[in-house]
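Okay, so here's just one chain, in structure tokens, the form predicted on its own.
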């Protein structure tokens, strides 16, 4: 049975990643980007990533996936008759606002439009739209074809039925959607990530440890558990009688830690410069793209492992 066509508006790293998500699940995908140079190279990038996915047996057929994806130079043609639109243009209100004004008139009224915005709430760029009830945040983790979480964040005027509809679609294409009940700055993922980042920068500012050792604390410590469980389940299992026992034992410690950072400082230029210097010792600037590809292949290997582990252990 033929699957519905999906439009991806914006063909950068995130938009290209979304195209893989939907095409991998069997959907025809139309990609639009206003910039010709971006359109010209997006399929090559998708093919390279698809070849890696095939190497790890995460897709069956590269050519079949590529055949489902087309690139368009006209927004109206890209969204005509589609069942869903995933917007992934540059994260800026002045950029997103006119895009949504166009989508408001070009996309059929009953078609949901999700934004990949990682921090700007939908209310800030959809308020002017006549069909704003079908618009929401559908924020992925990059790259979305390897990290399946999707944050669904409604604007105050988003229809609950639309949230349900997008939740069902994301589940059907093997993403892991969560519902954010109302707009909150940074949504859920970046608020959690931000708390860790702010503390990491503070520790670096104090000289408590090197940047490499702070990173290692996560990659060789916290991150191992976090690869398959969240913070509440982690502490529930880390005390003999569960989460209430953990809170009784360590709640005061964590409150004290939080209270010690009651005046968060910005990431000032001298500190950023020092962290940049340390990172460039470990990774030369001209090797960042290569290391990003390494990260993606490690994520692919992790995806394979997790799938096998679920089958074996549940």
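Quick caveat, the model's predicted, so the values are computed rather than measured. Positions refer to the first chain, counted from 1.
Below: the form predicted in complex with a further copy of the same chain, not depicted.
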Worksheet, complete the sentence: Exactly one of 168, 224, 95, 77 comes within 4.5 Å of a further copy of the same chain in the model of the complex through a heavy atom, and that residue is 224
Worksheet item: Within 4.5 Å of a further copy of the same chain in the model of the complex, do 180, 261 and 283 each have at least one heavy atom?
Response: yes
Response to the item:
Given 77-85, 125-133, 99-107, 193-201, the stretch touching a further copy of the same chain in the model of the complex at heavy atoms within 4.5 Å is 193-201
Worksheet item: in the model of the complex, does residue 173 have a heavy atom within 4.5 Å of a further copy of the same chain?
Response: no
Worksheet item: With the partner left out of view, is residue 41 within 4.5 angstroms of a further copy of the same chain in the model of the complex by any non-hydrogen atom?
Response: no
Worksheet item: Does a further copy of the same chain get within 4.5 angstroms of any non-hydrogen atom of residue 160 in the model of the complex?
Response: no
Discussion item. Whether residue 47 contacts a further copy of the same chain in the model of the complex should be assessed with a 4.5 Å heavy atom distance threshold; does it?
Written reply: no
Worksheet item: For the stretch 102-121, which residues lie within 4.5 Å of a further copy of the same chain in the model of the complex by non-hydrogen atom distance?
Response: none
